[in-house]
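Take a look at this one chain, the form predicted on its own, written out in structure tokens.
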């Protein structure tokens, strides 16, 4: 079977160091080498998240980390605010509702960049939590999280701000403590260029003080006690932990350069799309959003008039590439292309050439 190159916003093309690590022998998770790796990854991720707090590893997807954070920091009946402008901000609302929280939704057009002051205007004295999505890959938006948290906490300093940084960690600047966040969640199958299977939950000082035992498997209080000793409370995906250690050792020393490279790759996709008249999805006030509000994780475009997604995706597949379509109300209306995974420079050039060839095939030169 011919291998497809993934130009999708997760899962992604794996880092070579991850591939090499995953080909090694199985390590038992209750051994000293495993504990050393576990602690090293937690420390590396603490640096990546930009927090002086703790980072916990869960054998789950990013969604599992989101649910663990909701249940560990909030109680049924707590009132929380969720701006919904895409699939993953909508997921925050759904997880919070499932946990018995009282959710105030701010319904926005999908693809619209958050307005910090408009969000803050909905914060009340009884608002205990604010859930934000930094990189909304369903729309390609990079939201102004720091500004939104600052405006919200000016209204209510006691609220807890939690962000999904699943597709911004290792792709856009993330500095959890400096951004005013109390907790943040990410996953392995995105910017870290690993297979799916690990969720990362970062907890700042206030979140650690408020952490409560909740649930069984996704119990962050129980995990914290175990992970401070270098072990998960339950069987961890130790092979992925070992692979994470290898990739972090390469990425962290050059993180700024890596972020600039990823942004540059993504902007090349936007430049090519716009050259062919494609309309970007990220919007601000009804107009195309400036580049600083476009997530480096994925380029999202509305489909050209008269072109069906299946035809565009098929044209990519004939060239050996898999892309992603829209979700929710954008299903059948947009397409998404991502360099989130590992791509050598020559692979980037081949993929961009394939994108141009697809557009020429469907739209003409």
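Since the structure is predicted, the reported quantities are computational estimates derived from the model, not experimental observations. Positions refer to the first chain, counted from 1.
Unshown form predicted together with another copy of the chain; subsequent notes refer to it.
**Q** Heavy atoms within 4.5 Å of another copy of the chain in the predicted bound form: which stretch among 208 to 216, 177 to 185, 75 to 83, 259 to 267?
**A** Residues of 208 to 216 come within 4.5 Å of the partner.
**Q** Of 273, 230, 196, 204, which residue is found within 4.5 angstroms of another copy of the chain in the predicted bound form when only non-hydrogen atoms are counted?
**A** Contact check passes for 196.
**Q** Quick one: does residue 94 come within 4.5 Å of another copy of the chain in the predicted bound form, counting heavy atoms only?
**A** Taking the distances in the predicted bound form, the answer for residue 94 is yes, it comes within 4.5 Å of another copy of the chain.
**Q** Against another copy of the chain in the predicted bound form, would residue 89 count as a contact residue? Criterion: heavy atoms within 4.5 Å.
**A** Because no heavy atom of residue 89 falls inside 4.5 Å of another copy of the chain in the predicted bound form, the answer is no.
**Q** Even though the partner isn't displayed, in the predicted bound form is residue 354 close enough to another copy of the chain, meaning a heavy atom within 4.5 Å?
**A** It does not: once another copy of the chain is placed as it appears in the predicted bound form, residue 354 has no heavy atom within 4.5 Å of it.
**Q** Even though another copy of the chain is not shown here, does residue 248 get within 4.5 Å of it in the predicted bound form, heavy atoms only?
**A** Outside the cut-off, so no.
**Q** Using a 4.5 Å heavy atom cutoff, which residues in 51 to 69 contact another copy of the chain in the predicted bound form? It's fine if the answer is none.
**A** In sequence order, 59, 60, 61, 63, 64, 67 come within 4.5 Å of the partner.
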